[in-house]
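One chain comes next, on its own, written as structure tokens: the form predicted alone.
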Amino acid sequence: MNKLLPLYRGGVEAWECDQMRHMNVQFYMSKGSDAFAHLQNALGLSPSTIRATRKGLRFKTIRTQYKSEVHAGTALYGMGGIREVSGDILTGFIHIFDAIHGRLSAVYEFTADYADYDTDASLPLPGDIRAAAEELTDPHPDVFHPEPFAGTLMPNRPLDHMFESTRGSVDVWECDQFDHIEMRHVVGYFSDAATHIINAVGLTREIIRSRNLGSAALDYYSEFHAPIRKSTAILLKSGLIGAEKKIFRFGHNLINMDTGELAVTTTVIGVYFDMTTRKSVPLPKEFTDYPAEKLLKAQM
């Protein structure tokens, strides 16, 4: 039995690309979410089953690596599988490939549990779902597996020197059938924050354009702590963790303003690159000159 599952096939639309001329992170996430639905189906959690029981899998953590950029018109496909079943937690992966060049473009390594979509309570993994997952379990030693995330992760608490980077409310079209915000839109808030982050370190879009610079995320690690539902007021607070040579690190706290709960914490590693050569360059001096006392790493 082949335990590596085909989970996605599609392409990159022009409107999914941003000012860096590559597919934006939120649309990478939309492909990953589509693939996750196929993975659930392979485990016996078909759409009709999920609708009838109002229960299914949900992400607990997601590690995302962006391995190569893709552009408008690129054909994509996705593969994935289950690496481990431990207690009631599944560990799995989804890989998105550039079908034109046959290269890995994005990696999702995740943990997930089984939950009641109405109450958001974690539940024991049903026997049939567990059996299906165990049948598919394989460490997949020949499939890319990223090294552990480098550096300290954002803690599940507020930190000094974080600033407001996005504020909004969750609209109906941002939600799934159970009124939870879709992962694409969570990542979309992180993407929207990028402009505010560069402003916070003293850069403007005009300066960035004059230097022919673009920016790209390399690595994300997200942890999910509380639900976010339709019509929720949300606030994203961000801060620079550190910046050295070619690498910057920043952190996000996505806050449910209705309850005050910290819903998502995310740690991001990224680079700047030359828009013509598409090669990474040393960080702008505004990042490396940022006051050390304002860096979040001092509190982590």
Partner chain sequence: MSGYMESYRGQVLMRECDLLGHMNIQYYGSRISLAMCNMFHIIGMDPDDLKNGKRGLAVVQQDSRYVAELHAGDIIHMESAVVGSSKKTVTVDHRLYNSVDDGLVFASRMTAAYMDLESRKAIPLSDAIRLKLVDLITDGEDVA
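Every value quoted in this text rests on a predicted model; they were computed, and no experiment measured them. Numbering follows the first chain given and starts at 1.
Quick note: we don't show the form predicted together with the partner chain, though the next part is all about it.
Residue heavy atoms within 4.5 Å of the partner chain in the predicted bound form occur in exactly one stretch of 188-196, 117-125, 98-106, 215-223, and that stretch is 98-106. Residue 73 is the only one of 139, 73, 146, 158 with a heavy atom lying within 4.5 Å of the partner chain in the predicted bound form.
Exactly one listed residue, out of 65, 256, 265, 33, brings a non-hydrogen atom to within 4.5 Å of the partner chain in the predicted bound form: 33. Contact check for 10, 37 and 182: all three have a heavy atom within 4.5 Å of the partner chain in the predicted bound form. In the predicted bound form, residue 169 stays away from the partner chain, with no heavy atom inside 4.5 Å. Contact annotation for residue 61: none of its heavy atoms lies within 4.5 Å of the partner chain in the predicted bound form. Contact annotation for residue 231: none of its heavy atoms lies within 4.5 Å of the partner chain in the predicted bound form. Not displayed here, the partner chain is kept clear of residue 164 by more than 4.5 Å at the level of heavy atoms in the predicted bound form.
Contact residues in stretch 41-64 (any heavy atom within 4.5 Å of the partner chain, taken in the predicted bound form) are 41, 46, 47, 51.
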